[in-house]
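Heads up, the chain below is alone and in the form predicted on its own; it's given as structure tokens.
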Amino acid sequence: MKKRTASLLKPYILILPALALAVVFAYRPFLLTLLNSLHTVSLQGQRLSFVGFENYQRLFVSQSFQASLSNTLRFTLYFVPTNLIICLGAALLSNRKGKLATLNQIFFFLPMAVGLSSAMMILKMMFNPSIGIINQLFGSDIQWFNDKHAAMALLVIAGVYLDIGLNFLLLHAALRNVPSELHEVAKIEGANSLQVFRYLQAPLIAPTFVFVLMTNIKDAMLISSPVLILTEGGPFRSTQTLVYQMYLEGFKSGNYAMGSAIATVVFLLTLSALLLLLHLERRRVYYQ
């Protein structure tokens, strides 16, 4: 009897440390953020009075918030397909047999070995309109930090650079797990490279592809570090994202209630997008 009870309790005991960490560092801060968004909060972080959805009403009529929401959605629209195409292309290129296959793998995996802040500072120097190597290399005069379209493009480039290492690794591993026997059968049947990818590789790597798509959407909605280091939300708020505005309101201005309201909106938007994707996944993606 004791042995059976111990066997039943063992899984719960093993998961207890991870659950405790999740409660302390994830669930509790989330609940406090939700509570703060419904109250007025002092500069010392104390909740003063319950105001209901007043903070959200003020937020949604704010032009700054509307600009942040628009910029975040535009960035997501540009970043996610660009990143998926580049990462999938890199994984397909590295999956081909040849002398340069290993070199390609190292090249695409390399961004993971560089720290985020260091990478952003290097990009900031490379895209400097006056002394940067990018304008000199292409003989252009693009004002990467002063033109709103160029600044958004720079954020997309930075986002792709930051995400390419892990996404490439996942897609490359998924492609390598496609059974070689199926490749040989496809070659015998006379399938070309496009047909092999469409009818063989794409269905088999679909679960990994959906996972990468979901993490891309999450990363796009939460982008902040490239904005903070490269553009600081400019020019004229054209690259100010929701999380960057949350940082300004909550940490720079000490408006914890408004910062918490923005954080809650970001959470709900991201959760809605991911739930919709999970719903589509159940209809379109098949697991072995």
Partner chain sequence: MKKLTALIATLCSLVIVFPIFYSISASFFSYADFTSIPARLLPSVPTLENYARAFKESNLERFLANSLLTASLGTALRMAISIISAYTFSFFTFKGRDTLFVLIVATMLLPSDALLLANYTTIRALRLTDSYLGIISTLLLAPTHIFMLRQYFKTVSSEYREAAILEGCGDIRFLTTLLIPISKAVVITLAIHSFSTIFNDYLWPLLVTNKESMRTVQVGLTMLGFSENLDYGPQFAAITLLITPILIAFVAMHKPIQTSVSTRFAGR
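Residue numbers count along the first chain shown, from 1. Not measured: the values here are computed from a predicted model. In this text, rigid core is short for the largest set of C-alphas that superpose within 1.5 Å between two forms.
The next section is about a form of this same protein that is not shown, the form predicted together with the partner chain.
Proximity to the partner chain in the predicted bound form holds for all of Ala22, Leu32 and Leu169, with the criterion being a heavy atom within 4.5 Å. Heavy atoms within 4.5 Å of the partner chain in the predicted bound form belong, among the stretches 195-203, 72-80, 132-140, 147-155, to residues of 132-140.
Here is the short version: of Ile164, Ile217, Ala186, Leu88, the single residue with a heavy atom within 4.5 Å of the partner chain in the predicted bound form is Ile164.
Mapping the unseen interface onto this chain, Leu38 falls outside it, with no heavy atom inside 4.5 Å of the partner chain in the predicted bound form. Remark: His279 does not count among the residues lining the partner chain in the predicted bound form, judged by a heavy atom distance of 4.5 Å or less.
Heavy atoms of Phe53 never reach within 4.5 Å of the partner chain in the predicted bound form, leaving it off the interface. Of the heavy atoms in Leu59, none are within 4.5 Å of the partner chain in the predicted bound form. Residues of 226-249 lying near the partner chain in the predicted bound form, listed in sequence order, are Leu228, Ile229, Val243, Met246, Tyr247, the criterion being any heavy atom within 4.5 Å.
A displacement of 2 angstroms or greater separates the C-alpha positions of Leu19 between this form and the one not shown, with the rigid core held in common.
In a rigid-core overlay of the protein, Leu9 has its C-alpha displaced by at least 2 Å between this form and the one not shown.
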